[in-house]
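The data below hold one chain only, encoded as C-alpha coordinates and taken in the form predicted alone.
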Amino acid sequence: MRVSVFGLGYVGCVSAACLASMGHEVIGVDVNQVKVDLVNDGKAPVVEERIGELIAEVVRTGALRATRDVREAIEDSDVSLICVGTPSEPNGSLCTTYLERVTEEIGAAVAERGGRQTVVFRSTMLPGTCLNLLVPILEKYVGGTAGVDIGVAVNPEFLREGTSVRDFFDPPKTVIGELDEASGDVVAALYEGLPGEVFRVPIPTAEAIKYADNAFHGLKIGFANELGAVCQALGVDSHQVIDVFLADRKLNISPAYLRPGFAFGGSCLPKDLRSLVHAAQRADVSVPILSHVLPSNSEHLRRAVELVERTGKRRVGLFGLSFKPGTDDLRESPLVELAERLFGKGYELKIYDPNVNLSRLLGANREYIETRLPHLAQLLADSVDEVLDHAEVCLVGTRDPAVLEALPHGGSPVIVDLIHLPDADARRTEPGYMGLAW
(Lines give C-alpha, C1' and ligand atoms only; values in the text may rest on other atoms or scores of the structure.)
Protein backbone atom coordinates (compact mmCIF):
# COMPACT_ATOMS: atom_id res chain seq x y z
CA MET A 1 0.00 0.00 0.00
CA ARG A 2 1.06 3.64 -0.49
CA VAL A 3 1.19 5.23 2.95
CA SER A 4 1.96 8.72 4.23
CA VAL A 5 2.87 9.16 7.91
CA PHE A 6 2.44 12.63 9.40
CA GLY A 7 4.71 13.34 12.36
CA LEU A 8 8.13 11.72 12.66
CA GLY A 9 8.44 11.51 16.43
CA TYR A 10 8.64 8.20 18.28
CA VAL A 11 5.29 6.84 17.11
CA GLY A 12 5.43 8.18 13.55
CA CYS A 13 9.06 7.27 12.94
CA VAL A 14 8.61 3.71 14.21
CA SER A 15 5.29 3.27 12.37
CA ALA A 16 6.79 4.53 9.10
CA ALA A 17 9.89 2.35 9.29
CA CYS A 18 8.04 -0.79 10.34
CA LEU A 19 5.33 -0.39 7.68
CA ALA A 20 8.03 0.14 5.06
CA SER A 21 9.79 -3.03 6.20
CA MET A 22 6.49 -4.92 5.71
CA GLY A 23 6.50 -4.01 2.02
CA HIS A 24 4.44 -0.81 2.01
CA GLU A 25 5.63 2.28 0.12
CA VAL A 26 5.91 4.94 2.83
CA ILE A 27 6.49 8.68 2.79
CA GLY A 28 7.07 10.43 6.12
CA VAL A 29 5.98 14.02 6.66
CA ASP A 30 7.24 16.46 9.28
CA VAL A 31 7.48 20.25 9.64
CA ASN A 32 11.01 19.85 11.04
CA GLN A 33 13.53 19.87 8.19
CA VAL A 34 16.20 18.24 10.39
CA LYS A 35 14.02 15.17 10.93
CA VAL A 36 13.20 14.99 7.22
CA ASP A 37 16.90 15.20 6.28
CA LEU A 38 17.87 12.56 8.83
CA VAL A 39 15.31 10.08 7.48
CA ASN A 40 16.34 10.72 3.88
CA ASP A 41 19.96 10.11 4.92
CA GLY A 42 18.91 6.75 6.36
CA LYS A 43 19.24 7.89 9.96
CA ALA A 44 16.69 7.79 12.77
CA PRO A 45 15.50 11.10 14.26
CA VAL A 46 14.81 9.31 17.57
CA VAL A 47 16.82 7.02 19.83
CA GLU A 48 15.11 3.65 19.96
CA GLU A 49 16.20 0.01 19.94
CA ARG A 50 16.56 -1.37 16.35
CA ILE A 51 15.15 1.77 14.69
CA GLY A 52 18.51 2.94 13.30
CA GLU A 53 19.20 -0.24 11.37
CA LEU A 54 15.58 -0.49 10.23
CA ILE A 55 15.44 3.03 8.79
CA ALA A 56 18.82 2.61 7.09
CA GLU A 57 17.54 -0.55 5.38
CA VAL A 58 14.13 0.73 4.21
CA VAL A 59 15.59 4.04 2.96
CA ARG A 60 18.30 2.16 1.07
CA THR A 61 15.68 0.00 -0.68
CA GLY A 62 13.50 3.03 -1.47
CA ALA A 63 10.58 1.86 0.67
CA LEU A 64 10.78 4.98 2.88
CA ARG A 65 11.46 8.64 2.20
CA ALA A 66 10.51 11.88 3.93
CA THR A 67 9.28 15.35 2.96
CA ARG A 68 7.85 18.56 4.41
CA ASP A 69 5.41 18.88 1.49
CA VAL A 70 1.90 17.75 2.46
CA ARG A 71 0.64 17.87 -1.13
CA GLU A 72 3.49 15.64 -2.32
CA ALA A 73 2.71 13.15 0.43
CA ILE A 74 -1.01 13.04 -0.41
CA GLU A 75 -0.27 12.78 -4.13
CA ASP A 76 1.91 9.73 -3.50
CA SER A 77 -0.29 7.88 -0.98
CA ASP A 78 -3.73 6.38 -0.57
CA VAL A 79 -3.78 6.17 3.24
CA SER A 80 -2.44 8.70 5.75
CA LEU A 81 -1.45 7.93 9.34
CA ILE A 82 -1.60 10.94 11.66
CA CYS A 83 0.99 10.61 14.43
CA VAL A 84 1.40 14.22 15.60
CA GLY A 85 1.64 15.09 19.27
CA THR A 86 -1.30 15.86 21.56
CA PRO A 87 0.44 17.43 24.58
CA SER A 88 -1.26 18.74 27.71
CA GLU A 89 -2.32 22.35 28.03
CA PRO A 90 -1.30 24.15 31.26
CA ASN A 91 -4.72 23.33 32.76
CA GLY A 92 -4.36 19.60 31.94
CA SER A 93 -6.68 19.61 28.93
CA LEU A 94 -5.68 18.02 25.64
CA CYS A 95 -3.97 20.24 23.07
CA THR A 96 -5.41 19.46 19.63
CA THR A 97 -3.70 22.30 17.75
CA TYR A 98 -1.35 20.05 15.79
CA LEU A 99 -4.13 17.59 15.00
CA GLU A 100 -6.37 20.35 13.66
CA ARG A 101 -3.60 21.88 11.57
CA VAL A 102 -2.53 18.64 9.90
CA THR A 103 -6.19 17.68 9.31
CA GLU A 104 -6.76 20.99 7.52
CA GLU A 105 -3.64 20.50 5.38
CA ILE A 106 -4.57 16.94 4.44
CA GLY A 107 -8.14 17.94 3.62
CA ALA A 108 -6.97 20.77 1.35
CA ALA A 109 -4.46 18.50 -0.39
CA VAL A 110 -7.06 15.76 -0.95
CA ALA A 111 -9.50 18.32 -2.40
CA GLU A 112 -6.82 19.53 -4.82
CA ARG A 113 -5.82 16.01 -5.90
CA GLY A 114 -9.29 14.43 -5.97
CA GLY A 115 -10.12 10.80 -5.24
CA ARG A 116 -10.61 9.03 -1.93
CA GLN A 117 -7.97 9.12 0.81
CA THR A 118 -8.24 7.18 4.05
CA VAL A 119 -7.15 9.29 7.02
CA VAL A 120 -6.13 7.25 10.06
CA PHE A 121 -5.61 9.05 13.37
CA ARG A 122 -2.98 7.33 15.48
CA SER A 123 -2.48 10.23 17.90
CA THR A 124 -3.91 9.83 21.39
CA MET A 125 -7.12 11.85 21.73
CA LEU A 126 -10.16 11.89 23.98
CA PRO A 127 -13.42 10.24 22.89
CA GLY A 128 -15.38 12.61 20.66
CA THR A 129 -12.31 14.40 19.27
CA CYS A 130 -12.38 12.63 15.93
CA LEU A 131 -16.11 12.77 15.20
CA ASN A 132 -16.86 16.17 16.74
CA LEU A 133 -13.72 18.11 15.84
CA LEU A 134 -11.60 16.46 13.15
CA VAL A 135 -14.23 14.94 10.87
CA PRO A 136 -15.99 18.33 10.38
CA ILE A 137 -12.62 19.88 9.50
CA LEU A 138 -11.93 17.15 6.94
CA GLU A 139 -15.38 17.47 5.39
CA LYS A 140 -15.04 21.26 5.18
CA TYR A 141 -11.67 21.18 3.40
CA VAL A 142 -12.35 18.13 1.23
CA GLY A 143 -15.80 19.39 0.31
CA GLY A 144 -17.36 15.97 0.79
CA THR A 145 -18.73 13.49 3.30
CA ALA A 146 -16.57 11.41 5.63
CA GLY A 147 -17.16 7.72 5.10
CA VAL A 148 -18.16 8.37 1.49
CA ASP A 149 -15.73 10.79 -0.15
CA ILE A 150 -12.95 10.33 2.41
CA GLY A 151 -12.19 7.42 4.71
CA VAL A 152 -11.68 8.00 8.43
CA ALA A 153 -10.42 5.69 11.16
CA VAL A 154 -8.78 5.82 14.58
CA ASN A 155 -5.93 3.38 15.21
CA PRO A 156 -4.33 3.93 18.65
CA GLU A 157 -0.81 2.68 19.15
CA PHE A 158 0.44 0.53 22.00
CA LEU A 159 4.17 1.07 21.58
CA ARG A 160 6.43 1.35 24.61
CA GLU A 161 9.44 3.61 24.20
CA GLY A 162 12.55 1.44 24.30
CA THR A 163 10.77 -1.60 22.83
CA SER A 164 8.51 0.07 20.27
CA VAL A 165 9.85 -1.76 17.19
CA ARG A 166 9.40 -5.07 18.97
CA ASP A 167 5.91 -4.01 20.10
CA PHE A 168 4.94 -2.99 16.54
CA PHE A 169 5.70 -6.44 15.17
CA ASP A 170 4.27 -8.28 18.21
CA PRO A 171 1.37 -6.06 19.36
CA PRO A 172 -0.80 -6.90 22.38
CA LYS A 173 -3.79 -6.07 20.17
CA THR A 174 -4.73 -4.05 17.11
CA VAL A 175 -7.61 -1.61 17.59
CA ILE A 176 -9.40 -0.15 14.58
CA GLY A 177 -12.03 2.49 15.19
CA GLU A 178 -13.87 2.70 11.89
CA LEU A 179 -16.28 5.30 10.56
CA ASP A 180 -17.25 2.90 7.78
CA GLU A 181 -16.33 -0.65 6.86
CA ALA A 182 -14.18 0.36 3.89
CA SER A 183 -12.01 2.58 6.10
CA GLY A 184 -11.60 -0.26 8.60
CA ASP A 185 -10.64 -2.64 5.79
CA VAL A 186 -7.81 -0.30 4.74
CA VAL A 187 -6.36 -0.20 8.27
CA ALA A 188 -6.71 -3.96 8.70
CA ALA A 189 -4.81 -4.49 5.43
CA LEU A 190 -1.95 -2.30 6.71
CA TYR A 191 -1.22 -4.74 9.53
CA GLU A 192 -2.05 -7.97 7.77
CA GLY A 193 0.21 -10.77 8.97
CA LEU A 194 0.91 -9.33 12.42
CA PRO A 195 -0.02 -11.46 15.46
CA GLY A 196 -2.55 -10.51 18.14
CA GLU A 197 -6.29 -10.05 18.21
CA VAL A 198 -7.87 -7.36 16.00
CA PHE A 199 -10.76 -5.31 17.40
CA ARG A 200 -12.91 -3.33 14.96
CA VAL A 201 -14.98 -0.94 17.04
CA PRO A 202 -16.75 2.44 16.81
CA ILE A 203 -14.38 5.42 16.70
CA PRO A 204 -15.13 6.75 20.25
CA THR A 205 -14.46 3.27 21.66
CA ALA A 206 -11.05 3.19 19.99
CA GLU A 207 -10.23 6.63 21.39
CA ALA A 208 -11.23 5.54 24.91
CA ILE A 209 -9.29 2.25 24.83
CA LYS A 210 -5.95 4.06 24.75
CA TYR A 211 -6.92 6.03 27.87
CA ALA A 212 -8.14 2.88 29.63
CA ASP A 213 -4.76 1.27 29.02
CA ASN A 214 -2.64 4.19 30.15
CA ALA A 215 -4.78 5.04 33.18
CA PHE A 216 -4.56 1.41 34.34
CA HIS A 217 -0.80 1.28 33.78
CA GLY A 218 -0.42 4.41 35.90
CA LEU A 219 -2.74 2.95 38.55
CA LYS A 220 -0.73 -0.29 38.68
CA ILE A 221 2.56 1.54 39.13
CA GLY A 222 1.09 3.81 41.80
CA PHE A 223 -0.48 0.85 43.61
CA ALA A 224 2.78 -1.11 43.63
CA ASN A 225 4.77 1.89 44.86
CA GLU A 226 2.30 2.72 47.65
CA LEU A 227 2.13 -0.91 48.77
CA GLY A 228 5.93 -1.03 48.69
CA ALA A 229 6.17 2.04 50.92
CA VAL A 230 3.69 0.57 53.44
CA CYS A 231 5.52 -2.77 53.45
CA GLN A 232 8.86 -1.06 54.03
CA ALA A 233 7.42 0.91 56.96
CA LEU A 234 6.03 -2.31 58.45
CA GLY A 235 9.29 -4.23 57.98
CA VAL A 236 7.98 -6.49 55.20
CA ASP A 237 9.78 -7.44 51.97
CA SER A 238 7.55 -5.73 49.36
CA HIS A 239 9.05 -7.61 46.40
CA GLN A 240 8.30 -10.92 48.07
CA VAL A 241 4.72 -9.77 48.64
CA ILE A 242 4.32 -8.70 45.01
CA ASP A 243 5.90 -11.92 43.72
CA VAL A 244 3.18 -13.92 45.47
CA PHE A 245 0.53 -11.37 44.45
CA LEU A 246 1.50 -11.71 40.78
CA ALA A 247 1.44 -15.50 40.95
CA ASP A 248 -2.35 -15.37 41.39
CA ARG A 249 -3.65 -15.43 37.81
CA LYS A 250 -7.19 -16.29 38.83
CA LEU A 251 -8.10 -13.12 40.70
CA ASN A 252 -5.20 -10.65 40.70
CA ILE A 253 -3.68 -10.68 37.21
CA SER A 254 -6.87 -11.53 35.36
CA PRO A 255 -10.15 -10.02 34.14
CA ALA A 256 -11.63 -10.53 37.63
CA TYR A 257 -13.16 -7.36 39.14
CA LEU A 258 -12.50 -5.31 35.99
CA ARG A 259 -16.06 -5.01 34.66
CA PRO A 260 -17.88 -1.72 35.31
CA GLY A 261 -20.70 -2.35 37.75
CA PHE A 262 -21.94 -1.38 41.19
CA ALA A 263 -19.92 -0.53 44.30
CA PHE A 264 -18.07 -3.28 46.18
CA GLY A 265 -18.81 -4.31 49.76
CA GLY A 266 -18.74 -7.34 52.01
CA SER A 267 -16.91 -8.34 55.15
CA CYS A 268 -13.40 -8.18 53.66
CA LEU A 269 -12.63 -5.44 51.14
CA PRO A 270 -13.89 -2.34 53.02
CA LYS A 271 -12.51 -3.56 56.38
CA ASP A 272 -9.09 -4.48 55.02
CA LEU A 273 -8.70 -1.29 53.02
CA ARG A 274 -9.50 0.75 56.13
CA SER A 275 -6.96 -1.25 58.18
CA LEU A 276 -4.22 -0.88 55.58
CA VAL A 277 -4.75 2.86 55.18
CA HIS A 278 -4.82 3.29 58.96
CA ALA A 279 -1.56 1.33 59.30
CA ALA A 280 0.02 3.55 56.64
CA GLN A 281 -1.11 6.71 58.44
CA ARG A 282 0.29 5.44 61.75
CA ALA A 283 3.60 4.75 59.99
CA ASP A 284 3.53 8.27 58.48
CA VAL A 285 3.30 6.89 54.92
CA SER A 286 1.19 8.83 52.43
CA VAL A 287 -0.96 6.53 50.26
CA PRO A 288 -3.19 8.78 48.10
CA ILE A 289 -4.38 5.97 45.83
CA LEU A 290 -5.22 3.46 48.55
CA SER A 291 -6.81 6.10 50.78
CA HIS A 292 -9.16 7.17 47.97
CA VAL A 293 -10.42 3.70 47.00
CA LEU A 294 -13.26 3.72 49.54
CA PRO A 295 -14.30 7.32 48.75
CA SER A 296 -14.35 6.33 45.07
CA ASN A 297 -16.57 3.38 45.96
CA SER A 298 -18.97 5.67 47.83
CA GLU A 299 -19.12 7.98 44.85
CA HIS A 300 -20.34 5.13 42.67
CA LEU A 301 -23.09 4.43 45.17
CA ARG A 302 -24.05 8.11 45.13
CA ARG A 303 -24.47 7.90 41.35
CA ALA A 304 -27.11 5.19 41.80
CA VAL A 305 -29.10 7.39 44.19
CA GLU A 306 -28.77 10.28 41.75
CA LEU A 307 -30.24 8.19 38.91
CA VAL A 308 -33.32 7.47 41.02
CA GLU A 309 -33.65 11.13 41.96
CA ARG A 310 -33.45 12.09 38.30
CA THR A 311 -36.60 10.10 37.50
CA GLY A 312 -38.73 12.24 39.83
CA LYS A 313 -40.62 9.13 40.95
CA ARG A 314 -41.16 8.00 44.56
CA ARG A 315 -42.09 4.28 44.50
CA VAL A 316 -38.89 2.29 44.21
CA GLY A 317 -38.17 -1.43 43.93
CA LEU A 318 -34.75 -2.92 44.67
CA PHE A 319 -33.77 -6.37 43.42
CA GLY A 320 -30.85 -7.74 45.40
CA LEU A 321 -29.62 -6.94 48.90
CA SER A 322 -26.67 -9.19 49.78
CA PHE A 323 -23.20 -8.03 48.83
CA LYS A 324 -22.66 -11.00 46.49
CA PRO A 325 -25.06 -13.25 44.52
CA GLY A 326 -25.83 -16.63 46.05
CA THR A 327 -25.28 -15.50 49.64
CA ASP A 328 -27.30 -13.89 52.40
CA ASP A 329 -24.31 -11.93 53.76
CA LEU A 330 -25.50 -8.35 54.24
CA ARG A 331 -22.43 -7.00 56.05
CA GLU A 332 -21.27 -3.77 54.39
CA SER A 333 -23.36 -4.62 51.33
CA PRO A 334 -23.53 -1.58 49.04
CA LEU A 335 -27.13 -2.56 48.27
CA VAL A 336 -28.00 -2.27 51.95
CA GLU A 337 -26.35 1.16 51.98
CA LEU A 338 -28.32 2.08 48.86
CA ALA A 339 -31.58 0.93 50.46
CA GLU A 340 -30.74 2.88 53.61
CA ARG A 341 -30.12 6.08 51.67
CA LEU A 342 -33.28 5.77 49.61
CA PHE A 343 -35.40 4.96 52.67
CA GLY A 344 -33.82 7.89 54.51
CA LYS A 345 -34.77 10.20 51.64
CA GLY A 346 -38.40 9.18 51.98
CA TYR A 347 -38.74 6.85 49.00
CA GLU A 348 -41.42 4.15 49.22
CA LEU A 349 -39.17 1.10 49.00
CA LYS A 350 -39.80 -2.59 48.32
CA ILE A 351 -36.92 -5.08 48.25
CA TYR A 352 -36.65 -8.62 46.89
CA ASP A 353 -33.65 -10.91 47.32
CA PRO A 354 -34.30 -14.66 47.00
CA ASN A 355 -31.47 -15.43 49.43
CA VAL A 356 -32.44 -13.03 52.20
CA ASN A 357 -34.93 -14.22 54.80
CA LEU A 358 -35.03 -12.13 57.94
CA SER A 359 -35.88 -15.09 60.17
CA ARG A 360 -32.72 -16.93 59.03
CA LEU A 361 -30.25 -14.09 59.58
CA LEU A 362 -27.91 -14.86 62.48
CA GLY A 363 -25.04 -13.37 64.44
CA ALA A 364 -23.07 -10.45 63.06
CA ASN A 365 -25.13 -10.55 59.88
CA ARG A 366 -28.39 -9.96 61.78
CA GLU A 367 -26.78 -7.40 64.09
CA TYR A 368 -25.49 -5.44 61.11
CA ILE A 369 -28.84 -5.25 59.34
CA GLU A 370 -30.68 -4.32 62.54
CA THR A 371 -28.28 -1.41 62.97
CA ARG A 372 -28.27 -0.20 59.37
CA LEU A 373 -31.78 -1.05 58.15
CA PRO A 374 -34.01 -1.77 61.14
CA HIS A 375 -37.13 -1.48 58.99
CA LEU A 376 -36.06 -4.33 56.69
CA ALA A 377 -38.98 -6.57 57.68
CA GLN A 378 -41.54 -4.12 56.33
CA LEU A 379 -39.49 -3.48 53.18
CA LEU A 380 -38.88 -7.08 52.12
CA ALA A 381 -41.19 -8.50 49.45
CA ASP A 382 -42.00 -12.18 49.02
CA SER A 383 -41.84 -12.19 45.23
CA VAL A 384 -40.57 -10.42 42.14
CA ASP A 385 -44.13 -9.57 41.13
CA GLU A 386 -44.81 -7.84 44.45
CA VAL A 387 -41.93 -5.46 43.75
CA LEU A 388 -42.94 -4.90 40.13
CA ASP A 389 -46.55 -4.16 41.13
CA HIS A 390 -45.29 -1.53 43.59
CA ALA A 391 -42.44 0.16 41.76
CA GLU A 392 -42.24 3.09 39.37
CA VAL A 393 -38.45 2.65 39.38
CA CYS A 394 -36.64 -0.68 39.68
CA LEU A 395 -32.97 -0.91 40.65
CA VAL A 396 -31.52 -4.22 39.52
CA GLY A 397 -28.59 -5.42 41.64
CA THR A 398 -28.88 -9.18 41.12
CA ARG A 399 -28.64 -11.65 38.25
CA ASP A 400 -31.19 -14.01 39.78
CA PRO A 401 -32.89 -15.77 36.81
CA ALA A 402 -36.39 -15.15 38.16
CA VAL A 403 -35.69 -11.41 38.35
CA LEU A 404 -34.11 -11.19 34.91
CA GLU A 405 -36.95 -13.12 33.30
CA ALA A 406 -39.63 -10.91 34.89
CA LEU A 407 -38.11 -7.51 34.10
CA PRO A 408 -40.44 -5.71 31.69
CA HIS A 409 -39.50 -3.71 28.60
CA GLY A 410 -40.91 -0.45 27.32
CA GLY A 411 -40.26 2.16 29.98
CA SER A 412 -42.63 1.22 32.81
CA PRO A 413 -41.23 0.84 35.38
CA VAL A 414 -37.96 2.68 34.80
CA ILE A 415 -35.06 0.20 34.98
CA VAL A 416 -31.89 1.38 36.74
CA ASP A 417 -29.29 -1.25 35.85
CA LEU A 418 -26.55 -1.67 38.49
CA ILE A 419 -25.02 -4.87 37.09
CA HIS A 420 -25.04 -4.53 33.27
CA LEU A 421 -27.94 -6.82 32.46
CA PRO A 422 -27.37 -9.60 29.90
CA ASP A 423 -29.62 -7.69 27.47
CA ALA A 424 -28.27 -4.24 28.41
CA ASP A 425 -27.11 -3.45 24.88
CA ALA A 426 -30.62 -4.04 23.51
CA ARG A 427 -32.27 -2.15 26.37
CA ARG A 428 -30.18 1.00 25.81
CA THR A 429 -32.43 2.02 22.95
CA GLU A 430 -35.58 1.57 25.04
CA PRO A 431 -37.25 4.41 26.97
CA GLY A 432 -36.90 4.12 30.72
CA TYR A 433 -33.58 2.23 30.80
CA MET A 434 -30.69 3.76 32.75
CA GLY A 435 -27.27 2.11 33.05
CA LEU A 436 -25.12 3.01 36.04
CA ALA A 437 -21.86 3.46 34.10
CA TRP A 438 -22.65 2.41 30.54
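Residue numbers run from 1 along the displayed sequence. Because the structure is predicted, anything quoted here is derived from the model rather than measured.
Note that the form predicted together with a small molecule isn't included here; everything after this is about it.
Is there a non-hydrogen atom of residue 105 within 4.5 angstroms of a non-hydrogen atom of the small molecule in the predicted complex?
Yes, contact at 4.5 Å.
Heavy atom of residue 76 within 4.5 Å of the small molecule in the predicted complex
It does not: once the small molecule is placed as it appears in the predicted complex, residue 76 has no heavy atom within 4.5 Å of it.
is_contact(residue 135, the small molecule) in the predicted complex, heavy atom dist at most 4.5 Å
So residue 135 does not count as contacting the small molecule.
How about residue 351: is it within 4.5 Å of the small molecule in the predicted complex, going by heavy atoms?
Close contact is absent here: in the predicted complex, residue 351 is far from the small molecule, nothing within 4.5 Å, heavy atoms only.
Partner-facing stretch of 216 to 224, 192 to 200, 156 to 164, 299 to 307, counted where any non-hydrogen atom is within 4.5 angstroms of the small molecule in the predicted complex:
Partner-contacting stretch among the options: 156 to 164.
For the three residues 261, 418 and 433, which mark the spot I'm curious about, does each lie within 4.5 Å of the small molecule in the predicted complex through at least one heavy atom?
Zero of three within 4.5 Å in the predicted complex.
Selected contact from 316, 110, 335, 84, since only one has a non-hydrogen atom within 4.5 angstroms of the small molecule in the predicted complex:
So the residue touching the small molecule in the predicted complex, by this definition, is 84.
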